[in-house]
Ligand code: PMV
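Here's a solo chain for you in structure tokens, the form predicted alone.
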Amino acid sequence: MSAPHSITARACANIAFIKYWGNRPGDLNLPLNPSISMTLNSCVTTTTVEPIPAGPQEPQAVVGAQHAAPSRARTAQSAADDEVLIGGRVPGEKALARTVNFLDAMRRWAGNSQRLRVISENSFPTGCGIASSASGFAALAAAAAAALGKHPDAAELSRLARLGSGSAARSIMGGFVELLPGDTHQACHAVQLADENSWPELRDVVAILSSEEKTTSSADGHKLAATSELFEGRLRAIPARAQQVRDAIRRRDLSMLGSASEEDALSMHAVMMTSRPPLFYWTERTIRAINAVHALRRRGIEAFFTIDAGPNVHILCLDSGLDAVTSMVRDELAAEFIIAQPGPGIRVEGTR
């Protein structure tokens, strides 16, 4: 028997200027609004997937049937189980179930029942609001598709990645990307607005204010969005803001991009804070960072914040303002940081 073919995919996280928060009913992660993001070259997930040959496997990394989709009748001792390692260890029960259920969806799509071994690593903190699920499921979708003998185009791969995480649909492509909302699986996929070379001066300084995994995942938070009295107002405001962001990317206008990004981040977090139950992702350090960005602007330095579903703050600036921003993060916030710029789309190595 020949050795299994190993497929490695690398995907970058993304930062959303127009946020995606709230899904249509069902389990397809169909967002209720368009979202627009920049793929981040410095925040990378590397995922290797290979088919597991038939026969007994080493038990320590085996994923048992209790984590599989309800329709599947697998046992913990079955040789037909997947193996999953994330960051060098078997993930917790909830993350494990999410990963295996996604692999089940990939198998149904591919018409292939092959069990898979998955090894994934991030170059940045995981589960704290820096879009590790976006890069993680984008990389897993690409590697699993190839391991199952399929080679979908970017739009189809975007649809598949969305089944794991809505924002993963955007990490399939490089540069600046929009996720079209759509009310069907086929209609909801990402498109590239501009490639990674279109705005080389733009920077995102990710201030890592906390690397602790958040207690409420984005996947769970989406389910609460509609319970906020502010949610419908947010949805009505997004089309105009989204057009402002598209225009800003086309014109390479940081002030236009930054003002829309700040408004949208505050809008999303207002919905979170007024949902039932409320979600509070910010910490005292988050508020300090927001105030510090405002202080930079008062000094004449173009810098704008945006915040995903977590406490960490992304600071948008141009290369000319990078030293001032990083000095502020290091000296005033006493925080570590990642410097990112527009990054590439999915990269896959290996064939089957």
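Numbering starts at 1 and runs along the sequence shown. It should be emphasised that the depicted structure is a prediction, and the values quoted were computed from it without experimental measurement.
There is also a form predicted in complex with this ligand; it is not shown, and the following applies to it.
This chain appears without its partner; in the predicted complex, the one residue of K150, H222, R246, R115 with a heavy atom within 4.5 Å of this ligand is H222. A heavy atom within 4.5 Å of this ligand in the predicted complex is found for exactly one of A340, A9, A16, M328: A16. In the predicted complex, this ligand stays beyond 4.5 Å of every heavy atom belonging to S261. Though the partner is left out of this view, S133 does reach within 4.5 Å of this ligand in the predicted complex, counting heavy atoms only.
Taking the partner from the other structure, this ligand in the predicted complex has a heavy atom within 4.5 Å of a heavy atom of M268.
A residue is said to contact a partner when one of its heavy atoms sits within 4.5 Å of a partner heavy atom; G174 fails this definition for this ligand in the predicted complex, lying far away. Residues of just one listed stretch (188 to 196, 160 to 168, 141 to 149, 86 to 94) have heavy atoms within 4.5 Å of this ligand in the predicted complex: 160 to 168.
Contacts to this ligand in the predicted complex (heavy atom within 4.5 Å) from stretch 308 to 326: D308, A309.
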